[in-house]
Ligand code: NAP
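For reference, the chain that follows is the form predicted on its own, supplied as structure tokens.
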Amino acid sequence: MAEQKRLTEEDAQAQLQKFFAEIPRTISLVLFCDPAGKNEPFAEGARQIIRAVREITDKVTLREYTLQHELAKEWQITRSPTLVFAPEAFKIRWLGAPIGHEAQTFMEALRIIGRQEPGLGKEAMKVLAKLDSPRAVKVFVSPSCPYCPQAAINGIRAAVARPDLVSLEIIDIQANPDLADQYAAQSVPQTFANEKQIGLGAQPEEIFVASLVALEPQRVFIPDSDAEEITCDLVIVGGGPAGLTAGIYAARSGLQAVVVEKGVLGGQVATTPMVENYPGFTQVGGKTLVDIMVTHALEYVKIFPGEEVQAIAPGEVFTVTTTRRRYKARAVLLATGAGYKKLGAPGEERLAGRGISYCANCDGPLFTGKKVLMVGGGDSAVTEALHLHNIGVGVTMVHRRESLRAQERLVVSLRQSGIPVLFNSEVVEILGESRVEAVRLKNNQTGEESTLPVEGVFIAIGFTPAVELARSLGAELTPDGYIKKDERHRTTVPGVYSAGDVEGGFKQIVTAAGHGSEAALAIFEDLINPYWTNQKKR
């Protein structure tokens, strides 16, 4: 075991040495700290990761000053820690420490700055070239958020591509909770430009750049010219466990397949704090499991993250149009999953990201020491309530029934934790001006209403299947709103298949992966002998 660990560490070091060998320029870093301040643990975290990098390469230099230094005054730096990247060339600052998921952002920042190549696509660069006035960008992130690196890296690329007009501050909400409160950025990632919110959640780079130029959130990116066209056998829409597994099995069957994912690879698994029921792992972090799946899938199939499918045109050859390009394919697999179900209560949409959250792992640290409400009664709600309790959040659960639907083991843990549960109660309104301040509850047995002061509302009441594409194709749905399919995962549209949570049933990682493999094998057999052709001959 010790020998294996040593070899693993040596391999990691060799990869890092190769990483820095490909960077031609020296990257200067300047760290400003207040040794006596409350954020010294964050400063020490920044020092450690920089120290570890400098032990591997001499292409990273570091100077450290206190907030009282003349340079801090000249650059108007008032927060500790603040890490400044290559100040001679760019305007990029990090308020906090690049730890957790943000270590990925830090390494990508070194790559981009060291090469002075932003890495933006052709279409994004075309849009950014239109920028004709300054943009001060702020990206709010958390080390526990797997979505945040994408948003932060978008900002870094823009700041390197247009150093004349774009400045960037990456703001860690755990190190700077007052700034998060000031901007009501109580859900991460959030992106602001010139004090205006331009992004809530991770965005594809084209959408981010378009929002940056327009100074308002953009939902659709329309390229100036036709996107690049890719011809393949199978387009898999969705990069969760079902889609990734389908890609592996399709490729191993001899099909040329691609996986297109509009959001974070791994879907809901990426935001699950801990997975304890996946075969082969007694306990594994959700993001770690996703990384393993993605690494495996990449050995077989091309993955295109950050692309949203806008339309699918059926025919003997399907045309799949995304925000970046077109795909020509013989079959389409919809592994689009299911999104967080919303309450529909007044105030929910208005206060989204301002105290309302659907991911305790992402946003929970911001509410440490505060009182919040967890809405729901299933496994997810109880698991997230326990997570919030364990990180020091004062959490109360509310459930519309008289008993919880979660597994007994979780219910026992909930009782032992002392987390209060309000049964037979529903949220009828979420109150607050610029952020959540209270909720109005109704007892559905007595009809009595009450107001509970809270600073956050976490919602875990299930999922809504992402069936928009299926509906646009004319595919039939089940009475519950999921995609209707047969035992071979065929939808009612010839050549279109489904797999995973979008089909309903047990929403388990292993189930989704199994459905992905079944669908891929069925598609392989059907493309050899198309069942829709035989149907036409009858």
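Just so it is clear, the model here is predicted, and its values are computed rather than measured. For every residue, the number given is its place in the sequence shown, counted from 1.
The form predicted together with this ligand exists for this protein as well; it is not shown, and the discussion that follows is about that form.
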Checklist entry - this ligand isn't shown here, but in the model of the complex, which of 350 to 358, 177 to 185, 238 to 246, 454 to 462 has heavy atoms within 4.5 Å of it? => result 454 to 462
Checklist entry - Taking 4.5 angstroms as the cut-off for heavy atoms, does Gly378 touch this ligand in the model of the complex? => result yes
Next on the checklist: Just checking whether Gln190 would be counted as a contact of this ligand in the model of the complex - the rule being heavy atoms within 4.5 angstroms.
Outcome noted: no
Checklist entry - Applying a 4.5 Å heavy atom distance criterion, does Arg330 contact this ligand in the model of the complex? => result no
Next on the checklist: So, Ser211 and this ligand: in the model of the complex, are they within 4.5 Å at any heavy atom pair?
Outcome noted: no
Next on the checklist: Whether Arg47, Ala52 and Arg63 jointly form a contact site for this ligand in the model of the complex is the question; each needs a heavy atom within 4.5 Å.
Outcome noted: no
Checklist entry - So which of Thr288, Thr321, Asn424, Gln407 reaches within 4.5 angstroms of this ligand in the model of the complex, heavy atom to heavy atom? => result Gln407
Checklist entry - Pick from Thr368, Asn443, Asn277, Gln256: which has a non-hydrogen atom within 4.5 Å of this ligand in the model of the complex? => result Asn277
Next on the checklist: Within 4.5 Å of this ligand in the model of the complex, counting any non-hydrogen atom, which residues from 321 to 344 show up?
Outcome noted: Lys341, Leu343
